[in-house]
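Presented below, as structure tokens, is a lone chain in the form predicted alone.
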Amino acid sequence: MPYKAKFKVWRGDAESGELRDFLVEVNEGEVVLDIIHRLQATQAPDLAVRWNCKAGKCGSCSAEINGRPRLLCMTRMSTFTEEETVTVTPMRTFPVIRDLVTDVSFNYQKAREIPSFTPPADLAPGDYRMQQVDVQRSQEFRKCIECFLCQNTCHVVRDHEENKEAFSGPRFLMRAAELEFHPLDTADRVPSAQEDHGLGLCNITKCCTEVCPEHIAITDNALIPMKERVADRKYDPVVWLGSKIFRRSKT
């Protein structure tokens, strides 16, 4: 049965803003994005919200719902009681443009800083050969829809704006790991991850993994293995010697 839900939605811009109260109809099977669209249609036509697919695959409608980073299109209203007030705010880590829309250009800047896939120079595309286990390992990371919820919830940048220059965040450390673990990538990603992208600043609280809508084990399968490789390089004499003798080709 339809009911009236109490909503608090952040309205404002880069200069100032506040939470506004709304009472809006909710129907069976709806998600929070449906309610935001109904608000636009009936009470707040100038409400700004970013969205695209409404299927949890584009990553556009990232926001915070009751303080938790989530996708608006994948958060069902049935997860809240009829008496509960649902608070919708923009992602806190990134600058607000207007209402629920934030400036996520920080993430695209960091993406450009990750060197691209570098196969052996003499290897033709049709000659690529990989074990299935390597394919599966890479495919997990490629499920990322770049919603940037992991970036938003990571307290290294969420609570410390000054870290943004030195820390690329879990999404792009995961990208570095994806390439590092690729058997045909010749670039050595470990020093760059540590020195250029701030891997050492991550203290593996797993908050990035907890909010990932694709359920990627970012911490366990990407960040921790990369940290282990850094530690091996620095403190394991056998690994250190092997890295000097069998250094990956840079060509």
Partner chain sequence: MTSGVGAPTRASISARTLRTDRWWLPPLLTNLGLFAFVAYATVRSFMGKWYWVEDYGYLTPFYSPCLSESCLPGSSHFGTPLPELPGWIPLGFVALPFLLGFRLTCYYYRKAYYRSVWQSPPACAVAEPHASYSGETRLPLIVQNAHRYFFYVALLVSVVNTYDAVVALTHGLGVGNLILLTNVVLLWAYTLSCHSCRHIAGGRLKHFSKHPVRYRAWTLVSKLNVHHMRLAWTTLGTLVLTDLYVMLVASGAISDLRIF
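Owing to the predicted nature of the structure, the values given are computational and were not obtained by experimental measurement. Numbering follows the first chain given and starts at 1.
As for the form predicted together with the partner chain, it is not shown, yet the points below apply to it.
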**Report entry** Proximity to the partner chain in the predicted bound form (heavy atom, within 4.5 Å), stretch among 90 to 98, 105 to 113, 71 to 79, 120 to 128
**Finding:** 90 to 98
Report task. Please check if residue 56 has a heavy atom lying within 4.5 Å of any heavy atom of the partner chain in the predicted bound form. Result -> no
Requested in this report: May I ask you to check whether residue 136 falls inside a 4.5 Å heavy atom distance of the partner chain in the predicted bound form?
Outcome: yes
Requested in this report: Report yes if any heavy atom of residue 204 sits within 4.5 Å of a heavy atom of the partner chain in the predicted bound form; otherwise report no.
Outcome: yes
Requested in this report: Report whether the minimum heavy atom distance between residue 45 and the partner chain in the predicted bound form is within 4.5 Å.
Outcome: no
Query raised in the report: Quick check: do 10, 153 and 224 each get a heavy atom within 4.5 Å of the partner chain in the predicted bound form?
Result: yes
Query - Those residues of 136 to 170 which, in the predicted bound form, come within 4.5 Å of the partner chain by heavy atom - result: 136, 137, 153, 155, 156, 157, 158, 159, 160, 161, 162, 163, 164
